[in-house]
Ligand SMILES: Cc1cc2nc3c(=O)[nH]c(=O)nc-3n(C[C@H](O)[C@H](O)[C@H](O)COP(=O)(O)OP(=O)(O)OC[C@H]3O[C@@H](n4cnc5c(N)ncnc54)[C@H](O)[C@@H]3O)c2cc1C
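The chain below stands alone, shown as structure tokens; this is the form predicted alone.
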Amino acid sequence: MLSFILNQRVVRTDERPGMVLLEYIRGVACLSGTKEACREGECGACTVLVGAKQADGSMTYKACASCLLPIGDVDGCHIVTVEGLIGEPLTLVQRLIVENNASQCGFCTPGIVLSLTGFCLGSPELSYEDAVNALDGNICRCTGYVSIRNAARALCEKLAQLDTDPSERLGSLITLGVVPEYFRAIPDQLARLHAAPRPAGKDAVLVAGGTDLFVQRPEQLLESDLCFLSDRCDLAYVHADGDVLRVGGAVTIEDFRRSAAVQRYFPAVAHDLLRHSSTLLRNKATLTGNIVNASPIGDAAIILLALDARLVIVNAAGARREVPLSKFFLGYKKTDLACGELVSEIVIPLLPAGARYHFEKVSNRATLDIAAVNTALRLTTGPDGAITDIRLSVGGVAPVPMLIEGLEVFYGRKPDSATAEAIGQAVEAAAKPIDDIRGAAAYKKLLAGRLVRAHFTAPAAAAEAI
């Protein structure tokens, strides 16, 4: 039996763990404020807040797309829909949306309210930039977004004097009217739920974030035995260890992006992952899931290939092996991962002296879209400015995320326009794309070469050494 709190009500249900939360909220709990639209995590109409109790007793809340979130993954959590924010007076977020005329037909408004409320609960700096990023997964066809941004800006002004200490955040937000008073009692209520361990069979489907699985085959997963990687607290870490960064296999893309270690050693990567997907998806999608999905244009895979990442793989008996990411992809959607194995850790070498990293991506939309072509570069130069090492990855031009080989011929050369042109030509020659919905093969081959050249002409601020 699954147990969670839905707004103020304790829920105990025997529904299948693979039922998506959107179906439960609308079909079982009969709460209609959470809207059904795209069913692919693309629009934000189904946004909810997922609150989890931390080891220190505090709560973290994250905005998630309920259409891709199985209820088995919220066992022991606090789920907040727009009905959980209803009361008199309006919450601060709701009031500012009204005052700034940021709602018209209203279909998307509940999701926008939840996303901005999630920003209030979770943003470290409570900056306007963070507020806009929090809305990157919410689509509105009516307002033109200016009025929504105005509401977000007004919200940040109201929060300007708020204590950013995480331990004081919830109480301050209750006082300010951002969330209702009942939020204060949720940690104790969750402690009394006593969520039971969920044993999974040997043939259980491993679910990391589920943001791709529950788009591809939700009906199949509804009937499947599922094992949720979010239960593995031992795999939820990001820390520097000597000259490498170690990332546990259960770490979400957003937790990785916001971690102190990534902000310190890979700030450009933290910025680039904003283009991976929306906040609603990054809050659930994992780095390992993006890798194991084996998409030829997975943004995280392309970035980590250029950074020379390695994977620690563990089988059911606990035996470990380490595989370079460049050797992990065996063919289209085929990986060096046997039945019963999982990626327990990603090992990322820190950038050596004289190295810089840069990422490029072209897609139809800046966020919420799959790349036509993406590429990442790690370039190392010596004291004389000559190239001593170069790793270049390109996605969308082969059946697998592609690491360009044979670039040793450019060692000793200066990374000038002539070198950039030669490397661009080499990539165009190596690229073997196909025609698909994201572009013709000829276009993607040409685009790959142009993006590679852009690595060498990027502004210093974007391509800074880390």
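For every residue, the number given is its place in the sequence shown, counted from 1. All of these numbers come straight from a predicted model, not from anything done at the bench.
From this point on, the text means the form predicted together with this ligand, which you will not see here.
A residue is said to contact a partner when one of its heavy atoms sits within 4.5 Å of a partner heavy atom; Gly298 meets this definition for this ligand in the predicted bound form. Remark: Val48 does not count among the residues lining this ligand in the predicted bound form, judged by a heavy atom distance of 4.5 Å or less.
Although the partner is absent from this view, Arg246 stays clear of this ligand in the predicted bound form, with no non-hydrogen atom inside 4.5 angstroms.
Proximity of Arg275 to this ligand in the predicted bound form: non-hydrogen atoms within 4.5 Å are present. Comparing 184-192, 375-383, 290-298, 152-160 against this ligand in the predicted bound form, the single stretch with non-hydrogen atoms within 4.5 angstroms of it is 290-298. The single contact residue among Asp389, Asp225, Asp130, Glu341, judged by any heavy atom lying within 4.5 Å of this ligand in the predicted bound form, is Glu341. No residue in the set Ala52, Asp231 and Asp255 has a non-hydrogen atom no more than 4.5 Å from this ligand in the predicted bound form. Within 4.5 angstroms of this ligand in the predicted bound form, the stretch 37-51 places a non-hydrogen atom from each of Glu40, Gly41, Glu42, taken in sequence order.
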